[in-house]
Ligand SMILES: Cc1cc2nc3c(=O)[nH]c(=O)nc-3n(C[C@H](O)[C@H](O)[C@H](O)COP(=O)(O)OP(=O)(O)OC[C@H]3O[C@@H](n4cnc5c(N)ncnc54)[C@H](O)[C@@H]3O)c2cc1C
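Have a look below at one chain only, the form predicted alone, in structure tokens format.
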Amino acid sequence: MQNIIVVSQKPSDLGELIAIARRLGEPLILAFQESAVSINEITGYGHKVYRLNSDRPEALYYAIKSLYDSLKPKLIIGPTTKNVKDALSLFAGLYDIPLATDVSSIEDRGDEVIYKRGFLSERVIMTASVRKPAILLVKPKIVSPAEKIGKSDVIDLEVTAGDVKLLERKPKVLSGIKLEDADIVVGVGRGFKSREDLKLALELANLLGGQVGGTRPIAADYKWLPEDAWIGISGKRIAPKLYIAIGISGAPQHMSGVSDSKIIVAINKDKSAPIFKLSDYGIVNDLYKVLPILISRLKARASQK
């Protein structure tokens, strides 16, 4: 069977990537992460694990280069995340290997691989073929995670970062929100008049056992939410069972990040808002009237249990 390098930045990525790779060949795992992550989180799939104790894109590039030169894999599969894209786009350019991001399905055809990905904020789905070797970075939650089947041999990789020298590290202020893992997400947009008013969305999410995310203006421009709560083509792509969009018009840049949601509910006072065409259910009304009623009903229901 052909060798496939599976690049995993987070343990939560790994199960889905392994499930895809098992259908196509023999996976070899490159775990690209900080050493603080438990070894138990990346082993147990029965495949060899190459562990890189670094989260720097340039270190990942050199690790991929080393493995590629020695193993000659036909495919490299990873998540569509910023650091992975940074490292593998450099690798793809220098080795003249085709790379595709936001892939939603992969099919093996011998010397070629067929894949699908969206364009124009997922309004158009393209099917393409590419000769191997190739690099395919996939969207989250397109398959169920693989089961752990046995012991994994772990090999620690030691690589240099080339001419890049890290002088200082200043972490971004993040909330620790993991929208991509949430079954229910409440999205907030410019329909909210102030940061203080977001407490309505937070209370709703808490009653539903969900998380709160926002559009680009809310997270990036107004900074009412931390950057890791930004949903959209430049933020996080999510696929919850339920997405409640409140005060969100439905711009393509945002909707591309929620297109894989199982159910989308929109609340907006503008009946002509584009989001209603993309939602399963819609409420045309002022969010300041709807949310207090919805919260009150949920509290009453919880008190009856």
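We call the rigid core the largest set of C-alpha positions that still match within 1.5 Å between the two forms. Numbers follow the displayed sequence, beginning with 1. Model, not experiment: these values are computed from the prediction.
Omitted here: the form predicted in complex with the named molecule. The next part is about that form.
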request  = Using a 4.5 Å heavy atom cut-off, state whether N285 contacts the named molecule in the model of the complex.
outcome  = yes
inquiry  = Is T43 near the named molecule? Define near as a heavy atom within 4.5 Å, in the model of the complex.
reply    = no
ask   = So in the model of the complex, does S249 come within 4.5 Å of the named molecule, heavy atom to heavy atom?
value = yes
ask   = With the cut-off set at 4.5 Å between non-hydrogen atoms, does K151 touch the named molecule in the model of the complex?
value = no
query = Only one of I238, I267, L60, I29 has a non-hydrogen atom within 4.5 angstroms of the named molecule in the model of the complex; which is it?
reply = I267
Option touching the named molecule, based on a heavy atom within 4.5 Å in the model of the complex, out of K199, R190, K223, R109 = R190
task = Please state whether all three residues R216, S234 and Q253 have a non-hydrogen atom within 4.5 angstroms of the named molecule in the model of the complex.
result = yes
query = Okay, which stretch from 84-92, 138-146, 205-213, 224-232 lines the named molecule in the model of the complex, with non-hydrogen atoms inside 4.5 Å?
reply = 224-232
ask   = Hey, which residues along 52-66 are within 4.5 angstroms of the named molecule in the model of the complex, non-hydrogen atoms only?
value = none
task = Answer yes if the Cα of K72 shifts by 2 angstroms or more between this form and the one not shown on a rigid-core superposition, and no otherwise.
result = no
inquiry  = With a threshold of 2 Å on the C-alpha, tell me if L291 counts as moved between this form and the one not shown once the core is superposed.
reply    = yes
request  = Compare the position of the CA of V49 between this form and the one not shown after a rigid core fit and state whether the shift reaches 2 Å.
outcome  = no
